[in-house]
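Below you will find one chain, with nothing else, as structure tokens; this is the form predicted alone, and questions on how it binds or moves follow later.
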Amino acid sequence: MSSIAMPADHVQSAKRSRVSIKRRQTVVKSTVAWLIAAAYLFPVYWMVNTSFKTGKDMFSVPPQMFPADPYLGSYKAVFSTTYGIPQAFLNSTIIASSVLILTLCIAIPASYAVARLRSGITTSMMIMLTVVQLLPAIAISVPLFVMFRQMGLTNSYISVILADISVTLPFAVILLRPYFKMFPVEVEEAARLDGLGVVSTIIRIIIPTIRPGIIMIGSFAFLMAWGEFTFALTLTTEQTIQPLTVALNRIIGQYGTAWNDLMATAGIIAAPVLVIFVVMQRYIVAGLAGGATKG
């Protein structure tokens, strides 16, 4: 059965039509993506916009999309001793960095052990970690407060760091386990034959291979501790220990709120989050994609 050959101009016309359709689809997809991104970023823009307005400009009608005369008084107030923001920024940095380091130091060997164990205990352990991960922070904060008060650890960095780790550690183990589980056992055994021990194999062979996942989980652990509020409010009452999230709450006054100061502080809290996502974007995307395929 012979096929009917199409004229050359018809073939070229069909190709141009397919290219045109693909271009229109690309434009539509890009437009939708930009609209979604704009919708998500508009609150961030409005936060920054409000931080540069005076009290009168904030409530002007119609609202100012751009501050005509940027007001820097809010940032001067934030960086002064009025709200204790510089000390709170230092506290948040200490707490979040400690949570990041301790979470990874515990989660990496724990995830390796859970991945290599072949018994029913592993399933029970993963279910327990998932349940702990799902518990609301307020349900954990009360027993933690009682325990830390009896140990004399309230109003200390240790109590807040340990409380934050109770949330970040199950999260890290659950996400890291698939990376260790999918690492070829044959490669690990070959490393053992070359004289490497278990710890040396993890440090020199496995960790460099699963580095994107570790960086992704470490970034999220830092951000979770950076934005945590419930534990910090429950376990600390002294401003010298409280992180930025609690300091932000102090700006909300009983008889009124300085919204421009509040937005300036919120911008300072959000700045490290944006920096981490921009700097670590490649690793976070690779880690999430790798975790999705390995899980």
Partner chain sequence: MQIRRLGLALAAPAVIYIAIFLAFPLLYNMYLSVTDASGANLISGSLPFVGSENYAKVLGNPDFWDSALLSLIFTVSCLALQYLFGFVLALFFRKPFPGNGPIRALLLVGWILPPVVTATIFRWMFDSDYGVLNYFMMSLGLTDEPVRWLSQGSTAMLAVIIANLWVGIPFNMLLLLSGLHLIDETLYEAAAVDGASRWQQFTNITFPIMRPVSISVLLLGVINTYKVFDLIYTMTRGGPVNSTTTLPIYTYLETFSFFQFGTGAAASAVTLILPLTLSYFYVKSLNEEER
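Everything numeric here is computed off the predicted structure, so don't read it as measured data. Residue numbers count along the first chain shown, from 1. Superpose the two forms; the largest set of C-alphas matching within 1.5 Å is the rigid core.
Keep in mind that the form predicted together with the partner chain is missing from the display, and what follows is about it.
The partner chain in the predicted bound form is approached by L248, whose closest heavy atom lies within 4.5 angstroms of it.
Heavy atoms of I269 reach within 4.5 Å of the partner chain in the predicted bound form, making it an interface residue. Using a 4.5 Å cutoff between non-hydrogen atoms, R204 does not count as a contact of the partner chain in the predicted bound form.
Within this chain, V279 is remote from the site of the partner chain in the predicted bound form, having no heavy atom within 4.5 Å. Considering the partner chain in the predicted bound form, the lone stretch of 117 to 125, 88 to 96, 204 to 212, 68 to 76 in range is 117 to 125 [heavy atom distance within 4.5 Å]. Of the listed positions (I165, L104, M216, L175), a single one reaches within 4.5 angstroms of the partner chain by any non-hydrogen atom in the predicted bound form, namely I165. Scanning 101 to 119 for heavy atoms within 4.5 Å of the partner chain in the predicted bound form gives I106, P109, A110, Y112, A113, L117, S119 in sequence order.
Relative to the superposed rigid core, G227 undergoes a CA displacement smaller than 2 Å between the shown form and the other one. In this overlay on the rigid core, W34 has a C-alpha that sits 2 Å or more away from its partner position between the shown form and the other one.
Once the rigid core is used as the reference frame, the Cα position of F59 differs between the shown form and the other one by 2 Å or more.
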